[in-house]
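This document starts with one chain, in the form predicted alone, laid out as structure tokens.
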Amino acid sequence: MTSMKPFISLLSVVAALACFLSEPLHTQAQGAKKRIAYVTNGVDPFWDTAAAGVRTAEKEFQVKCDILMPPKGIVDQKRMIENLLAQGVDGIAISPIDAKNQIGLINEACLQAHVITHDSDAPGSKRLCFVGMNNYKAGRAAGKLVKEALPSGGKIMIFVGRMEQLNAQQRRQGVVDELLDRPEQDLEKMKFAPPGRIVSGGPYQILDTRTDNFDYARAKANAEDAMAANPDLNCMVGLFAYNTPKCLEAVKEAGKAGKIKLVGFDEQDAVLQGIIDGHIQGTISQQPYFYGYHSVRILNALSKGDRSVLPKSGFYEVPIVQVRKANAEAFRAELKKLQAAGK
């Protein structure tokens, strides 16, 4: 019995030491902030407003957020997502650049982290939900602005970054269906009019859809080329945030401000000022601040095992705002408040 005492004491010391050493590490692991990544589909001031929402939610929910904006498209986005997964991120909000061809990547990410989509969806993937506006509904709202600008009809050209994105496809189809007075389509069974062809019906004629792959110089050149090729062009519709500002630059330089009507998306200051000045009929804001905020809110809850935040439909809809001259000043003031709150 006496020979065992030193051995028992030694075990007690080792056990106590192990407990002492492990306790802080365990406490640190348990108290570590969840890490959430917000991945956009490119670099644009539009995403700065979404980032403000991310930063607000980061403070409110006490999480660590990475905001990643791929400058070179799908290759950069893929690399960013793979790096995040290798680092063990808890949740990722992705705006897919090419939903159909990124399903494998998104599904792989879903095996390692909580994954949602925002801005543009990938409904064929295993993502947990989509945060954003109803892009088709927003397209129809833009079509209504065109009707207000051209009540007697006219010739229209559409401009967009790329047509691979589902949000671009849905917005464009919304514009087409509204101008041609077609019945409203179901998002899950939507039929798309092929771009590159003239689409006409009633008094409206959509001449073409020009893409620029997020190249701002090309976006402006597309507008210039459209005016040169179609002297009787009546209206330009920009589907992405930068398209309408570039159209406005081209129209002003051609001396056609006010003669060619402009309708846009999002809330770049140049667009809001253009509305106030009477050069732009209106814009459709998708309120990107709330894309960022709600993406973080949902992923934070999921990382803690709370699935009640998931909408039953799989779609958390952020309402659109139609901005016209009557509400442009008030809208801009509120937007600046939200942007400042996220700094």
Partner chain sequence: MKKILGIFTLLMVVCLFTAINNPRFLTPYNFLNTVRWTSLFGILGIGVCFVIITGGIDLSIGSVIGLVGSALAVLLTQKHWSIPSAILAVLVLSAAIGLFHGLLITRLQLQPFVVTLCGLLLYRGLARYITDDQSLGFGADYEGLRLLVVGKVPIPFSSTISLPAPFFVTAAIALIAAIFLNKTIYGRYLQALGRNELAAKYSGINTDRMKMLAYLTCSVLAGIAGILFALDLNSIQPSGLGEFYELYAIAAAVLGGCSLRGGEGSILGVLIGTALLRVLYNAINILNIPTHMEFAIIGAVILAGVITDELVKRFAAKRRAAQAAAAS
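On a predicted model such as this, the values are computed, not experimentally measured, just so you know. Residue numbers count along the first chain shown, from 1.
Below, we turn to the form predicted in complex with the partner chain, even though it does not appear here.
Undergrad: Just one of 246, 172, 127, 261 has a heavy atom within 4.5 Å of the partner chain in the predicted complex. Which one?
TA: If I apply the 4.5 Å criterion carefully, the residue I get is 246.
Undergrad: Give me the residue from 77, 120, 211, 102 that has a heavy atom within 4.5 Å of the partner chain in the predicted complex.
TA: Looking at 77, 120, 211, 102 one by one, just 211 meets the 4.5 Å heavy-atom criterion.
Undergrad: Okay, which stretch from 142 to 150, 87 to 95, 129 to 137, 203 to 211 lines the partner chain in the predicted complex, with non-hydrogen atoms inside 4.5 Å?
TA: The contacting stretch is 203 to 211.
Undergrad: Does each of 216, 221 and 253 have at least one heavy atom within 4.5 Å of the partner chain in the predicted complex?
TA: Yes, the whole candidate spot contacts the partner chain.
Undergrad: Is residue 183 near the partner chain? Define near as a heavy atom within 4.5 Å, in the predicted complex.
TA: It does not: once the partner chain is placed as it appears in the predicted complex, residue 183 has no heavy atom within 4.5 Å of it.
Undergrad: Should residue 82 be classed as touching the partner chain in the predicted complex when contacts are defined as heavy atoms within 4.5 Å?
TA: Although the partner chain is absent here, residue 82 would stay clear of it in the predicted complex, with no heavy atoms inside 4.5 Å.
Undergrad: Residue 69 versus the partner chain, in the predicted complex: is there a non-hydrogen atom within 4.5 Å?
TA: Contact check for residue 69: yes, within 4.5 Å of the partner chain in the predicted complex.
Undergrad: Can any non-hydrogen atom of residue 111 be found within 4.5 angstroms of the partner chain in the predicted complex?
TA: It does not: once the partner chain is placed as it appears in the predicted complex, residue 111 has no heavy atom within 4.5 Å of it.
Undergrad: Can you list, in sequence order, the residues from 45 to 64 that come within 4.5 Å of the partner chain in the predicted complex, counting heavy atoms only?
TA: Result: 45, 48.
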